[in-house]
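To begin, one chain is listed below as C-alpha cells, in the form predicted on its own.
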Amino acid sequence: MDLLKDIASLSPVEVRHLIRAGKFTKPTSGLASGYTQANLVILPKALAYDFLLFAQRNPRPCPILEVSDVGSRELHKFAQDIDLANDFPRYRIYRNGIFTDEVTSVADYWQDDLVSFLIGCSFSFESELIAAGIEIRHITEGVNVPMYNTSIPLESAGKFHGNMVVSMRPIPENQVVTAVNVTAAMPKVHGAPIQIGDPKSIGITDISKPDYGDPVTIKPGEIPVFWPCGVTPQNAIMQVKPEFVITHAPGHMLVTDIKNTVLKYE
C-alpha cells in the first residue's frame, strides 16, 4: 500500500491503528472523510474543573465533545478501540507552561490522575466544505492548516485565561456565504467563522507567517476566513503555566468513529 496515497480512504479505526503503530505521524486533515476529528487536552484532576469551566465559558474555540474518566485512556462515546496515549499522530508536553517535548506516544508520561478532554476540530467540517464545492487549500497543497494567535480575549475561569487562536482558509469571494452557512451548522466543531477578510482587526499582522501550521497560497479573488481553533487551550496553558499538561500537536488530531452529520445543529 502507498500509505500517503491510500490512507485517506481508510476507516477511522484503521487510521488509529496505523497511528498507534507509529506508521503515520503527519497532520490528519483529509483523513477518514466524513468523520469527526478532535483536539486534545490532558490535565491532572486538580486542574480539570477549572479547565471544564473555561471551555464552557468559551464554547466557540473550546467545544467539549467528551471527557474521559480519571486515569482512563479510553472513551465512551466518540471512539471504540481507542488508546488516548497513542492514537494521536503527535503530542506536545508542557511543563510549567513551557513546551518541552513533541512525541508520538505519551504512554511513558501517563499518570493515574489524568483527565482527557476531547475538543471539536475544524478539520471535521472540511469534508462538508469540499462537498459544497469549496477547495481546502492546505489539503490541496499537502501542508498543515495555518493557525494564528489573536487579540481576541477569552473569558477567564479559575486559573485559565488567554486569547483565542484561529485557523484560516482562503475562500473565493463568491463562496464565502456558502462557507459560513455550512460551518454554522456544526457548532460542536467551532461553527461559523469568527472573522472574514480583515486579519489585522484580530491582531494578525502578517498572514504569511502563521504561529502554528504552514502558510498557504491566497489567490486573487480569495478572502482569508478565520475560524475559532482548538489550539486555543495551548495558548491558555502557556499563560497559566501549570506544572504538567499534554496536548495534541497542532494539526495532528484524533480521528473518531462519529460521523460529522451527527454533530449538525446539536
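Keep in mind the model is a prediction, meaning the values are calculated, not measured. Residues carry their position along the shown sequence, with the first being 1.
Just so you know, the form predicted together with a further copy of the same chain exists too; it's not on screen, but the next bit is about it.
S.K.: Can you confirm whether Y49, V67 and H76, the three residues that make up this candidate site, all sit within 4.5 Å of a further copy of the same chain in the predicted bound form, judged by heavy atoms?
M.R.: Yes, each of Y49, V67 and H76 comes within 4.5 Å of a further copy of the same chain in the predicted bound form.
S.K.: Quick check for you: of 23-31, 202-210, 224-232, 54-62, which stretch puts a non-hydrogen atom within 4.5 Å of a further copy of the same chain in the predicted bound form?
M.R.: Contact criterion met by 54-62 only.
S.K.: Which of these residues, A185, I139, V115, V106, gets a heavy atom within 4.5 Å of a further copy of the same chain in the predicted bound form?
M.R.: In short, V115.
S.K.: Can you work out which of D101, E173, E155, D81 has a heavy atom no more than 4.5 Å from a further copy of the same chain in the predicted bound form?
M.R.: Checking each option against a further copy of the same chain in the predicted bound form, the one that comes within 4.5 Å is E155.
S.K.: Against a further copy of the same chain in the predicted bound form, would K45 count as a contact residue? Criterion: heavy atoms within 4.5 Å.
M.R.: So K45 counts as contacting a further copy of the same chain.
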